[in-house]
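Given as structure tokens, the chain that follows is alone and in the form predicted alone.
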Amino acid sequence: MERRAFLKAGGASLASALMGSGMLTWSARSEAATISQTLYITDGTKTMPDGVSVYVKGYGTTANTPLIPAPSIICQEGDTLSITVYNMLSVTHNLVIGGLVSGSAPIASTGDIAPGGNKTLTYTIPSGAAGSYLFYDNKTSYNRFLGLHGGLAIMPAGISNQLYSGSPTFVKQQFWILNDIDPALNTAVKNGTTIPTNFTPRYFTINGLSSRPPGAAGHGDPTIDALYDPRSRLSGHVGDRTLVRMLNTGMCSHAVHTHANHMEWLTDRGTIRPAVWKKDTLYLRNNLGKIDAIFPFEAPPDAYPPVTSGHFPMHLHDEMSQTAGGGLYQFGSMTELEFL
């Protein structure tokens, strides 16, 4: 058996228990600091939009509650990260930070964490490392699909409103972490049976949640509905330029499309683009792809009559990702853009 214990919860209370943090607040510092976080690898179940209960794992802040995604971490160049991870499960796990090299090691990592054990990843952020990163479990090729993932934001030293020195400025920032769920894979992990050779996603999430259209059960509940989840929903007044750090943990590539405004495309797969293009659809590659873009919160140029407030969608132009369980259109990975 893979699990230590199942969570005996349901409905909104379970959804709340599985929520991490995607909103980021930051004040620049002139001096380096040590940023500490303690996480617990644990498991549970999560109810999908069609009522199917799916086995999940996650990095939580308590010993028996997985958070999907894990609480986001933010620091700046020069800081020292200290992430202690306890493994509450019966198989070996780890935590790595994709894109960060540690000495001669190809990736910053805790190393293997035995069942019941713990390890601490200690890493000093070098100059030039500012950007967006996914931390996850790479002990198997699929652990991150189960929910063992989270976002790390590294700010330029002493700067609070730029992605990198010289980038366009922003007022707010948050993560959109996308994932695909194949319940057959999750069930096999739970039962300790052979892992399927084919990955067939049936559910699609943004920051661990799916959308619930008007009239559906859970619509408007921020612990269930990604349209209202404050970690995902972009909400602001005209001028509240928002940096969105998009990370893709899953096997499906996505076309991220915002209504109301084009996004200012800053990076692709961690590389600063030679020119900042304004695009209404951005290609977020699969298998650890990432993009940084600014949603400018400008008065929507195509609205007639002109408006400075209203509600607009962010959805993915790959249609399968807007469904759940092979149907249930608009129960997939989407959220709302709210002009206040």
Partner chain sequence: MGMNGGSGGGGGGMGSACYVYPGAPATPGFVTPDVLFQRGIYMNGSMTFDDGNSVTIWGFTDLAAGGGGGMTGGSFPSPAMRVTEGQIVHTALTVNMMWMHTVHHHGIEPSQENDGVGHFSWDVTNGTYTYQWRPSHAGTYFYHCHTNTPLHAEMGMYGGLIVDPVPNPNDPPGTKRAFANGPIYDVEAIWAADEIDPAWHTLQWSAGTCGGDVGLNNLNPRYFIITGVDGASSALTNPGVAVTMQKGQRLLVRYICAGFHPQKIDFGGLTATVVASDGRPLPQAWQTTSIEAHSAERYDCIFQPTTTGTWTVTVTYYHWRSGAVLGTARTRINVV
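Treat the numbers as computed from the prediction; the structure is a model and nothing was measured. Residue numbers count along the first chain shown, from 1.
Just so you know, the form predicted in complex with its partner chain exists too; it's not on screen, but the next bit is about it.
Not displayed here, its partner chain is approached by N198 to within 4.5 Å at the level of heavy atoms in the model of the complex.
Shown alone here, I107 lies farther than 4.5 Å from its partner chain in the model of the complex, counting heavy atoms only. Looking at P301, you'd find a heavy atom of it within 4.5 angstroms of its partner chain in the model of the complex. Its partner chain is not drawn, but in the model of the complex it has no heavy atom within 4.5 Å of T124. From the list 32-40, 304-312, 66-74, 53-61, the contact stretch for its partner chain in the model of the complex under a 4.5 Å heavy atom rule is 304-312. In the model of the complex, every residue of the candidate spot (C252, H259 and Q330) has a heavy atom lying within 4.5 Å of its partner chain. If you take 269-288 and check each residue for a heavy atom within 4.5 Å of its partner chain in the model of the complex, you get A275, V276, W277, K278, K279, D280, T281, Y283, R285, N286, in sequence order.
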